[in-house]
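Shown here is one chain on its own, the form predicted alone, set out as structure tokens.
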Amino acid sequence: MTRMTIPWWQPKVEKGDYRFIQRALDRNFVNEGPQAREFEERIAKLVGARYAVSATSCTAAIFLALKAAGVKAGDEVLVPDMTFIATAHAVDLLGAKVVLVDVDPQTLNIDPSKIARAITKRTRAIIPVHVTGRAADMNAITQIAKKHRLAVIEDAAEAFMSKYGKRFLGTIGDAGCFSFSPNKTISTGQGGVIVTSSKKIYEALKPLKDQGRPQRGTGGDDVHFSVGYNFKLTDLQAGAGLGQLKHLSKRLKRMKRNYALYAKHLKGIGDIRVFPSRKGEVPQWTDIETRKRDELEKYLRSKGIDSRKYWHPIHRQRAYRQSDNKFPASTRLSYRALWLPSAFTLSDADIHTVCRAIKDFFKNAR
């Protein structure tokens, strides 16, 4: 088996970051506590949201945000066909119905022109997913939502610190959800954060994530005002996130640099199309389209270069199986799309090595 010398992604917790984890241990407070609060406050401030609520994962965050926005079992929620399946699973967890919508072939985000025909009298929410940090068309989506009185819950799992115009993604809809899993810019191992500027949604989120208690309880004779669950982020996890935040600016700069180098050096190579990254957006990963996707991925792997094939469209997954005819864009593009090595731990030399390998592949393919 070929050893991967250039990783697709690589999380990094540096030694100086350990002090926040050590602080939780020294306090003997390994449950959710002051560091989780601090992490929430830091995230809210960074993106310009009034409130932030942490959760065990972005999947849990989407579930909680939908429920806090008033979506109920039996309601319909619009989900792009091109996304990690967790987006759909969060809807199913609520007991709502997943209604899949095809994507814009230019961005792989939900296609606003296909949304209107998917809306029924049972539709209650739209989940735009900002794939790889690219903003969905939030102007069009929010206009449609306003017309039909739908909640907008942004799946910004891959879009932390990415902007749409002058606003950060995740802060444009009723609520936005970020992921801090190992393949993200900041990682808490597993974890997510919901941001919102709606006091109503914020006050609904707090008891929903903690067994129906609006404030932290004792575990004994607490008053539980409503149904709630256990989706608390621990101070150990929050500590890992707090430590990495001091590296945020440097990591974002490196990820943008990776994209810029790929866009420059892969221009005109074979049939490659580098998916766009507009001003203000942060490319979580750099992704390309090519009809030779599978062969290219295999070739790069033989050279010790890791990459990642795109998800299968959700409509092709057994739990949500539907006809390809309803989703021509996602059906065609999902099997052509590839994420190139994009880690913030990479160097210019690493990116040049990848580009040379891709050029060699297409030269030999001719």
Ligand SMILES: Cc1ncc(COP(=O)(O)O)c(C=O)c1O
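Given the structure is predicted, the values throughout are model-derived calculations rather than measurements. Residue numbers run from 1 along the displayed sequence.
Not pictured, yet referred to below: the form predicted together with the named molecule.
Only one segment in the set 140-148, 178-186, 214-222, 254-262 has residues whose heavy atoms sit within 4.5 Å of the named molecule in the model of the complex; it is 178-186. Out of the listed residues Ser162, Gln237, Thr87, Thr196, Thr87 is the one that sits within 4.5 Å of the named molecule in the model of the complex by at least one heavy atom. Screening Ser307, Thr59, Ser54, Gln35 for any heavy atom within 4.5 Å of the named molecule in the model of the complex leaves a single hit, Thr59. With a 4.5 Å cutoff on heavy atoms, Glu158 counts as touching the named molecule in the model of the complex. The named molecule in the model of the complex comes within 4.5 Å of no heavy atom belonging to Thr286. Using a 4.5 Å cutoff between non-hydrogen atoms, Gly191 counts as a contact of the named molecule in the model of the complex. In the model of the complex, the named molecule lies farther than 4.5 Å from every heavy atom of Val91.
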